[in-house]
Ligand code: HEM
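Given as structure tokens, the chain that follows is alone and in the form predicted alone.
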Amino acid sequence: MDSNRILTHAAQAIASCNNAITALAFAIIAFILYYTYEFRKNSDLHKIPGPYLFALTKWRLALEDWRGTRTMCLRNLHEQYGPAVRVGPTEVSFASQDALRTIYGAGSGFERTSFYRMFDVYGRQNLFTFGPARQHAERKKALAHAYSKTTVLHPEATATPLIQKNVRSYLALIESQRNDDNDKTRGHEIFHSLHWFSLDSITGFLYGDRFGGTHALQQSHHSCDQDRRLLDDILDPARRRLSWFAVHLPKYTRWLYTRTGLLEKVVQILRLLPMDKPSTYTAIRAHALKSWYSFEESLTTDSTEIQPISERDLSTSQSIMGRLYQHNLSSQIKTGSLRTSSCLMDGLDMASELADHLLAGIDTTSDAIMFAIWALSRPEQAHYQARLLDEVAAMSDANGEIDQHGNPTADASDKLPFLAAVIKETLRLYAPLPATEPRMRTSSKGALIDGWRIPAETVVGMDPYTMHRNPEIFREPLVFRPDRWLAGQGSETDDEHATMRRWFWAFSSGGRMCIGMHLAMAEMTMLLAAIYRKYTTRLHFKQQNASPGITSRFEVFCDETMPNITEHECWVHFDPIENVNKAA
């Protein structure tokens, strides 16, 4: 008897009941029989270990999402059951190198699930939300060169001068607050200011100053306050509840947010919205669309914008928007078609792509820099800050490592070994995107993962949080120890170093590896090198027994060894190095 017949017979039995109690009893029995059948019908998944309730219904894991404990729960389940755990009727979580290669390796056949469709923008898919590898690869061709390390670090390209300017603005912001603040015990709140830094960096990189670049760091700029307000809905804790509804009740959520007129008022009065309007990213997406329309309008008024541009210009001076437009224009000329594949885009396709990069480039980079500063500022880790201070102090103007403003250059910052170790350890312990990356193979053959037969259309996934805390790979996994990444300086052997590098997964891997990795690394290395060349940092008293907390999907992530959390806050003192030296 299959599941449909179970439901049919149950419905007939319930309809024939004479009282509510008997009907309820039949309904409960039908529920048990149906889910027991669904649980057991696939013998391959039935063999995979895991809690019965998780395997019985997807709502058990959804409950962990609601509680904001999903990722910690998965880690605990892997500790209990091993590297493969069944966490839903058709979902399995993995935590092994074999699974990492099989699921996320290039050409694996595993594609992104419908989960990612909640990141569509303006009703259009983009690089992040494409499921099929072919569509993703076609779109990536238009963007990969602009995000390459060579292009990002080129001194005449868009990224390096832009980040240098924003580094100067960030240092000026620190200094102005120090000079203007009568209360010297107040400290500097870096969660927000680092978001302004990443916002100005990603908007300038994507749109250029003319069409959508922001100036949140520049207090004297007329748009400073307006640009800072773009982040308001990102910082609202209700965004986690909205994410839960968008993932687990997508149709209902779309219905709620598309109501208009009287029905919209009823929805608001009854407080049915998971997050009050404007919901998460509303302001950012509006800014992104306005930026695109401004660029599009200029194409009809500024003839220079629509002329084909040289390869040199493409590699050194154009915003991502300009590059994307020119690539699309060249593709149209070659094919004679406006939009026949995912590599040919209309205006909303390009606007969606750019908006997605904007959303991805704010929280991730700023959160990582914040955790690096917080970790280095903790008293028990003062020796790591001292090592970094010595490393950046040794940089020489004579060797071309310092720019005309006295800050480390992009190329020199990228080559600092201890700074690289600090960033890598920060990303290991405080990955900005620590949760599961779900995948699915639609091929009827299914797959063999880590020795387990996985049927087609089974959701499989891994998460950096669990990977980076495996005590068999990372000694003292909850301890911030940058020298673990430096050969010959930690207690790890060469073989252990090689294994750790394979398990490091902060930027994902394979064809879906983070396209903005090199831009993010440039922002982190340049800003941290500049800060610790001019300042030492120490925790404000508010932060001495508390970890900063960041939002990712449904959860708040922090340093789990700390007793308290300051959500969306991190307070630090910046002390000029010359003052510290005088005191010493």
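Residue positions are given as counts along the sequence shown, with the first one as 1. Since this is a predicted model, take the numbers as computed values, not measurements.
From this point on, the text means the form predicted in complex with the ligand, which you will not see here.
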| property | result |
| --- | --- |
| Close approach of Leu63 to the ligand in the predicted complex, 4.5 Å, heavy atom | no |
| Any non-hydrogen atom of Ala360 within 4.5 angstroms of the ligand in the predicted complex | yes |
| Contact of Ala520 with the ligand in the predicted complex (heavy atom, 4.5 Å) | yes |
| Heavy atom of Arg533 within 4.5 Å of the ligand in the predicted complex | no |
| The ligand: the contacting residue among Ile202, Ala288, Val460, Ile190 in the predicted complex [heavy atom, 4.5 Å] | Ile202 |
| Sole residue of Trp485, Tyr170, Tyr325, Phe128 within 4.5 Å of the ligand in the predicted complex, by heavy atom | Phe128 |
| Stretch in contact in the predicted complex with the ligand, which is absent here, among 77-85, 247-255, 231-239, 507-515 (heavy atoms within 4.5 Å) | 507-515 |
| Residues Arg112, Ala368 and Pro432 all lining the ligand in the predicted complex, heavy atom within 4.5 Å | yes |
| Stretch 545-559: residues contacting the ligand in the predicted complex, 4.5 Å heavy atom cut-off | Arg553 |
